[in-house]
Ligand code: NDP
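In structure tokens, one chain follows: the form predicted alone.
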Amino acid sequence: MTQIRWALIGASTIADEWMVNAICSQPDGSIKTIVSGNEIRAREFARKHGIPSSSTDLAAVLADPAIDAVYISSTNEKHLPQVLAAANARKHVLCEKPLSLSQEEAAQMIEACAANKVTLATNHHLRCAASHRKMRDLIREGAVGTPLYVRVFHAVSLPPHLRGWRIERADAGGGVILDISVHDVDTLRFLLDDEPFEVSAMTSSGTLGAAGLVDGVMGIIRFKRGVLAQIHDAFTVPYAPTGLEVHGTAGSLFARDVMTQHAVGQIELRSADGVRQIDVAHRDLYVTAVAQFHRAITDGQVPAATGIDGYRSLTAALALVQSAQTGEHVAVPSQYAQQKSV
């Protein structure tokens, strides 16, 4: 079996807690090196996970023909130059969300990877949850009839070890909208097979966010086929469960504890037939995402979340930011056609 040999760019918490295992769980996956701007951090990360080498020299790593793919989990302002460098070195790219800090940057990434004929994927893990895939299947099968309304509850308490730039640095894309709301948007796009059309939002800050960074948001998203979605996201709510509801003309889906990295959660369908608990075969979300990325490389399939998915979810999140700042409804840009998810 041909191995897909990875370089990790960024010695991040998500790489440490989730992505090393996700890659190493693949029968055709291996990690060859870790790149970080901090030499000691890179070396300690490599030692902890049994990675053969570490480096601070991204250019040298990308020049290595033994590297096939990179996983980028550096802070958000570094995504653009790192993705472009990887694309120009003809390495396949799995990049953390948000894909970038602007739609123009995201478009550059998409075009560079297309020009160099490499796969670009965005690590929107929630669309890889078995719960969300089951809900999408039920919606497609007509279990709720025509979808009308959706509610997302994604207000959590940001753990102390994840705070840092998320609550302090606007230049790195800090704030709850680019950290959490962008996931909500992507999950809704995936569930509904539809694109956001316009948004409206109000935000709060100061409980946790520094320098005016937003730590809570409530928003409304109108989709092209008319569905209205309500989102509530926060860094400052320690005891609320997460959840997702889809209400249609023939039924309602209630999912609890599903807006999470963990493979957990329950789904209930209510309709004229009564109340039914839906069976879900949970599986590690990141293992699913990496497996699909590997198939995109080896078999020409589509990644779980493409670069275009990253772009479309980002543009809607940026529209939420703009709406909160201006107090107006904001149209979501429509560049790039909707692409069916698998």
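What you see is a predicted model, and the numbers here were worked out from it, not measured in a lab. Residue indices: 1-based, along the sequence shown.
Beyond the structure shown, there is the form predicted in complex with the ligand, which is absent from this document and is the topic of what follows.
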| query | finding |
| --- | --- |
| Contact flag, residue 315 vs the ligand in the model of the complex, heavy atom cut 4.5 Å | no |
| Residue 52 within 4.5 Å of the ligand in the model of the complex, heavy atoms | no |
| Residue 132 within 4.5 Å of the ligand in the model of the complex, heavy atoms | no |
| 4.5 Å heavy atom contact, residue 261 and the ligand in the model of the complex | yes |
| Heavy atom distance at most 4.5 Å to the ligand in the model of the complex, all of 38, 73 and 165 | yes |
| Stretch in contact, per heavy atom within 4.5 angstroms of the ligand in the model of the complex, of 93-101, 195-203, 138-146, 221-229 | 93-101 |
| Answer option from 330, 24, 321, 14, heavy atom within 4.5 Å of the ligand in the model of the complex | 14 |
